[in-house]
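Only one chain is shown below, in structure tokens, and it's the form predicted on its own.
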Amino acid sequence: MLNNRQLFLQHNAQTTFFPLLLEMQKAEGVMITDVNGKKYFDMISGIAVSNVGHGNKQVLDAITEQAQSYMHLMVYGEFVQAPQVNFAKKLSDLLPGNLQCVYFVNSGAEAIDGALKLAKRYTGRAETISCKNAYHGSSQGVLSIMGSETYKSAYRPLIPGNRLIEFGNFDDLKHINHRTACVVIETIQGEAGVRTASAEYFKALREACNNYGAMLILDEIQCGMGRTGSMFAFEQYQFVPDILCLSKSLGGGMPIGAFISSTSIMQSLAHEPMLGHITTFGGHPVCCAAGLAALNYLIDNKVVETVAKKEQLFRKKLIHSHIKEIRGRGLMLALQFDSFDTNKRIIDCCIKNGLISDWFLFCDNAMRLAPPLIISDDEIEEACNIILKSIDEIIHQ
């Protein structure tokens, strides 16, 4: 009889020829336990998903309660469903006045797709701008604005009319003009290796979009929901987008995404044609209930307020001659090494020693650190000790 790993390789679609093949049994807090009972520190949160930790009781209770009331009833936008309404209202209460209308979808890629459609529909324009080394998802539409040809070339032709600019480069803002429907940008570039830009850059970007009537679409799919030390990363840069995209940690571990704008802009999708964006499972009531519970947990327990201090503890502990740089903000960090080979061997050694990390799509010589926001100081110290031990083991091989 085949074991689960063999069945996985035989019946589950593969995204690479070298999956980790760790078979997990349970997850709680910042720890994941495999079928052999070995525990691992989760230092990537399922790629910025598990902000409130694995198995959060408040989230699990909300899931159970909602599932016992009802699950899927109707395609999104027809029935009034309290989980959707309550979650949208809570998000709106935390956001500026022009971000008060929420369209719930299934994923980050769909959120970006929906935002692109909304911008084109509202402006009547076709050209888009995104950044080099940007990652916004992997669906056909979103792939068209991805900032790396490596992942695009096999799927051409894609949607035409996109221009790539360099993140943080003031001179490239000259490419925004009267033909631009939107600029799509991450507040902090994730897969580029956690790259930040200045508040002055975002101010200039906002002004350029205003000058030409282009929409500013902000991707906070990785960096939103408290990960950088504020509920939304753009709050630290003192500008506001026209459309905000969220996902990953938005559902407290359940699959959901959202694009958020003003009511007047969002109404563009309701006419000429009607049903301008349609989703069957978007805003699934169980996912919305989980997302609201996760958001309330962050607020009620003042979790976001602890993130900056935890970042400093990581920076204080992770001092090693082979760590060339620590980049990032809050609990969205990158440890820079000299090469992919070094980084990969350290990551593999970390896994052997009970800590899960990985590298970035467009920066394979840096290690990703994005643990659940609820990680304690003691857990940070223990995780850092494992990373430092793993570096030393690789150096002395």
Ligand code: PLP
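On a predicted model such as this, the values are computed, not experimentally measured, just so you know. Residue positions are given as counts along the sequence shown, with the first one as 1.
Omitted from view is the form predicted in complex with this ligand, to which the following refers.
*Asks:* State the residue from Pro83, Gly137, Gly282, Gly147 whose non-hydrogen atoms include one within 4.5 Å of this ligand in the model of the complex.
*Replies:* Filtering the options by heavy-atom distance leaves Gly137.
*Asks:* Of Ala109, Leu164, Leu95, Cys101, which one comes within 4.5 Å of this ligand in the model of the complex, counting heavy atoms only?
*Replies:* Contact with this ligand in the model of the complex is made by Ala109 alone.
*Asks:* Going by heavy atoms within 4.5 Å, which of 274 to 282, 235 to 243, 309 to 317, 213 to 221 lines up against this ligand in the model of the complex?
*Replies:* Result of the contact check: 213 to 221.
*Asks:* Give a yes/no on whether Glu186 approaches this ligand to within 4.5 Å in the model of the complex, heavy atoms considered.
*Replies:* Glu186 belongs to the contact set for this ligand.
*Asks:* Would you give me the residues of 50 to 89 that have any heavy atom within 4.5 Å of this ligand in the model of the complex, in order from first to last?
*Replies:* Contacting residues: none.
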